[in-house]
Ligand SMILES: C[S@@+](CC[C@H](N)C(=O)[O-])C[C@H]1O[C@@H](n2cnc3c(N)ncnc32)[C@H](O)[C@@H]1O
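In structure tokens, the next block holds one chain alone, the form predicted alone.
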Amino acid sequence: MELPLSNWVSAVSDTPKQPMTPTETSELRSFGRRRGRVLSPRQQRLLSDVLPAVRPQLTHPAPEQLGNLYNPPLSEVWLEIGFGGAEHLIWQAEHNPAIGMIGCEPFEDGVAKALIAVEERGLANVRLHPDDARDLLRWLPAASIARTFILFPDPWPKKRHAKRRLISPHLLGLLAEVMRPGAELRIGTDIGDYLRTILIAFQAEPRFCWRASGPADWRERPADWPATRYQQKAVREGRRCYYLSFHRVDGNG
């Protein structure tokens, strides 16, 4: 049974309600720093020598069949936005070798970690975009993505920074264009106020539906949703994690 999102907006949040930030006409950067500690020689080599081979070339048109990004070509492609330390991205690539994975992450350390796994484990089904995911979304062909993951995005907890939160009606509009009808969009967060922001954003995008029928549908992590380092930290620190699954509906509404 599907219930309207409005029935859940207040029910799922454990924090006081916060007013929504107006949609920005220009896209503010939703991520923080790009660089952390100094990279090791091996990491530098991977970024200079391996990354170009697995990076989609946004200066050229996307292939009509997105699976042709891979050799051999693959029939289905999944997308992860903000893969952090790449634990989830690599787990999905290893457990789904017939699926093409595209990971977006602007933080160099995370990209280097993903490249180490790609090289050591011979993962031919991984492509990496080390920059803003919205640029990639505008490049992707329509209805080309079968599943998308946005796991524990930066919550930007200060009120003056809330407009930088990644998940917004604008982002959902971009995702609706590139996701196939029936495609799944998984979102994780451990911040109650961000959860409410997410649900309100989905209320404004009729091309997605949330098929939740009870608390278990957002409190329990599915078996094929491996825990990330960030999620484990949230649990250790006593924060409740929310696991949301939306679906792209057929047609335009």
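Don't overthink the numbering: it's just position in the shown sequence, from 1. Predicted model, so just to flag it, every value in this text is computed and none were measured.
The following text describes the form predicted together with this ligand, which does not appear among the structures shown.
Just one of Glu119, Asp132, Glu94, Glu76 comes within 4.5 Å of this ligand in the model of the complex, counting any heavy atom, and that one is Asp132. With the partner removed from view, the residue among Leu175, Cys104, Leu115, Met101 that has a non-hydrogen atom within 4.5 Å of this ligand in the model of the complex turns out to be Cys104. With a 4.5 Å cutoff on heavy atoms, Thr228 counts as touching this ligand in the model of the complex. Although the partner is absent here, Leu166 sits close enough that one of its heavy atoms falls within 4.5 Å of this ligand in the model of the complex. Residue contact with this ligand in the model of the complex: Asp109 places no heavy atom within 4.5 Å of it. Put simply, Ile81 is close to this ligand in the model of the complex: some heavy atom of it is within 4.5 Å. Only one listed stretch (179-187, 139-147, 119-127, 82-90) carries heavy atoms within 4.5 Å of this ligand in the model of the complex, and that stretch is 82-90.
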